[in-house]
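Single chain ahead, by itself, as structure tokens, in the form predicted alone.
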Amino acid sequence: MERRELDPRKEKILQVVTDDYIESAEPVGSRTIARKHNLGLSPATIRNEMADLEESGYLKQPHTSAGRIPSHRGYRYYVNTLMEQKQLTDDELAFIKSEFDSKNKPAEFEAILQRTAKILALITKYPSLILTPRPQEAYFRHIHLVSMDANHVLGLVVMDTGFVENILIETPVAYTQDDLNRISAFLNSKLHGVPLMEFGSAIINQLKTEVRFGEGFDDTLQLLLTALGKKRQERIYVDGTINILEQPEFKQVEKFKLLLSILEEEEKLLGLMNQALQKRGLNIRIGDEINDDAVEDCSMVTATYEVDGRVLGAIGVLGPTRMDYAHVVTVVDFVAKCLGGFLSEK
């Protein structure tokens, strides 16, 4: 929490400037504040206080003779100290709860995350981002091996995160489905609860010494577990990109094209969202705090989601620095908790 550096009068003026600018997207003048808000201050006094706030870096004047808007420092002070968090409406609560109703649970983990991205985009009206769990941090739950033809086996591997990995390997010998069922049962008994990051040569060698499934099994096991151990890349889902066009800041074609290019660049988005994992729970990054010049006019509100106390990934929204933080923070925090609870039921 930021130390309260401003006196109550300046805090109130910064708060109303920020609230009004978020609502209108127009610079806020002293006469507007005096007329709209019952502060008991004259326009001249408000103007002097705004000048002081500008001098100390909390407000800025985008154009000569225009009103003021918050700076990045002003938004940070507002978020940490002045913001009054909004409650979800009854309609929003009902919608979110219905989407996370266990009776509507999709079979595929990916479908859950894609639906979560859509929920966030629909309610916040900003582009939404969902970072999936890192496969190497997942724990093995079970595997089902299926014979595709004489020399190919498909492994359907389920992790505790709910992700299902499909692994197709070329086997050195032909297996019947009965053979594969016995191998699946063996692997499930030995590997259940083992972290994927431990799927290396040591565990492979240990399994080889415990059972013999005939000629070629050692090589098949090596191929299967090595392929699974290489599943290292998390994924990201994006929804609501078109929402950014509703924001006045991005009606300029060049600004929109720049942001659009970022939203289509998975590696950059992975980097932005992975920063959210460095801090458990809710995280708000404003402007240059995101550490990327391409999104210096944007803010990100993210929250981690957890299962059994273990952080799996993160959700969030990307919008202009003028975003409605009081609403977005409530939505992101609540949806992250709903997602974690939903996954815990799998």
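All figures in this text were calculated on a predicted structure; none of them were measured in a lab. If you superpose the two forms and keep the largest set of C-alpha atoms that fall within 1.5 Å, you have the rigid core. Position 1 is the first residue in the sequence shown; the rest follow in order.
If you look for the form predicted in complex with a further copy of the same chain, you will not find it shown, but the lines that follow are about it.
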item: In the model of the complex, the residue from Ser189, Ser261, Thr89, Asn205 that sits within 4.5 Å of a further copy of the same chain by heavy atoms; value: Ser261
item: Single option in Met148, Ala111, Val194, Leu93 placed near a further copy of the same chain in the model of the complex, where near means a heavy atom within 4.5 Å; value: Met148
item: Triplet Val158, Gly240 and Val253 all within 4.5 Å of a further copy of the same chain in the model of the complex via a heavy atom; value: yes
item: In the model of the complex, Lys97 touching a further copy of the same chain (heavy atom, 4.5 Å); value: no
item: 4.5 Å heavy atom contact, Glu246 to a further copy of the same chain in the model of the complex; value: yes
item: Non-hydrogen atom contact Val164 with a further copy of the same chain in the model of the complex at 4.5 angstroms; value: yes
item: In the model of the complex, Ala174 touching a further copy of the same chain (heavy atom, 4.5 Å); value: no
item: Answer range among 218-226, 272-280, 149-157, 72-80 for contact with a further copy of the same chain, defined in the model of the complex as heavy atoms within 4.5 Å; value: 149-157
item: Large Cα move at Gly155 between the shown form and the other one, threshold 2 Å, rigid core; value: yes
item: Core superposition between the shown form and the other one, C-alpha change of Ile244 at least 2 Å; value: no
item: Rigid core superposed: Leu259 CA moves 2 Å or more between the shown form and the other one; value: no
